[in-house]
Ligand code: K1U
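Here we start with a single chain on its own, the form predicted alone, put down as structure tokens.
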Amino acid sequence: MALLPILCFPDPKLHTVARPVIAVDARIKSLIADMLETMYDAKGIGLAATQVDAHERLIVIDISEEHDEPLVIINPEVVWTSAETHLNEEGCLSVPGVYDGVTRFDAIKINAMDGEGKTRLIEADGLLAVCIQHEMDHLTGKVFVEYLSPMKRDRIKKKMLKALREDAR
């Protein structure tokens, strides 16, 4: 396993639309292991392959307190959403230190493959539903700050670019 570099907003690669995973083979299983290690090391609860510059429809999530219940989601497709929505405070490993409100469906159902390539229906509500929706946005090239006002998004972009310049020194 290896820690993977996480792309940071406003990196244009974060806007790449991910392609479907064709087969859950040794390469994908290795990517899953590396993504889980990277997510846990970064103290995150979700990570999309797009964020580690691997543009395939693959997500890893673990919202458990002990970080011992990893969920692997491959080629997710939403099949149902609740009528109810809520404004939730979100953060992102690709936008470190930034948190803001995003409206998401309270509950969703998705069809996806797991880490073994088996198709399953995943029903989620609460934090898991929010996390799945957030990570699925990454697969379509969307970062959560794009839900914010242009003024907020521009301020965040400037802050992130300044941090990158300071890190480069």
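Bear in mind that the values here come from a model prediction, so they are computed numbers and not experimental data. All residue numbers are counted from 1 along the displayed sequence.
What follows is about the form predicted together with the ligand, which we do not show.
Among residues of the shown chain, Glu89 is one whose heavy atoms approach the ligand to within 4.5 Å in the model of the complex. By the criterion of a heavy atom within 4.5 Å, Glu56 is excluded from the residues contacting the ligand in the model of the complex. Using a 4.5 Å cutoff between non-hydrogen atoms, Ile122 does not count as a contact of the ligand in the model of the complex. Among residues of the shown chain, Met113 is not one whose heavy atoms approach the ligand to within 4.5 Å in the model of the complex. For the partner-free chain shown, Val130, Cys131, His134, Glu135, His138 of 105-140 come within 4.5 angstroms of the ligand in the model of the complex, judged by any non-hydrogen atom.
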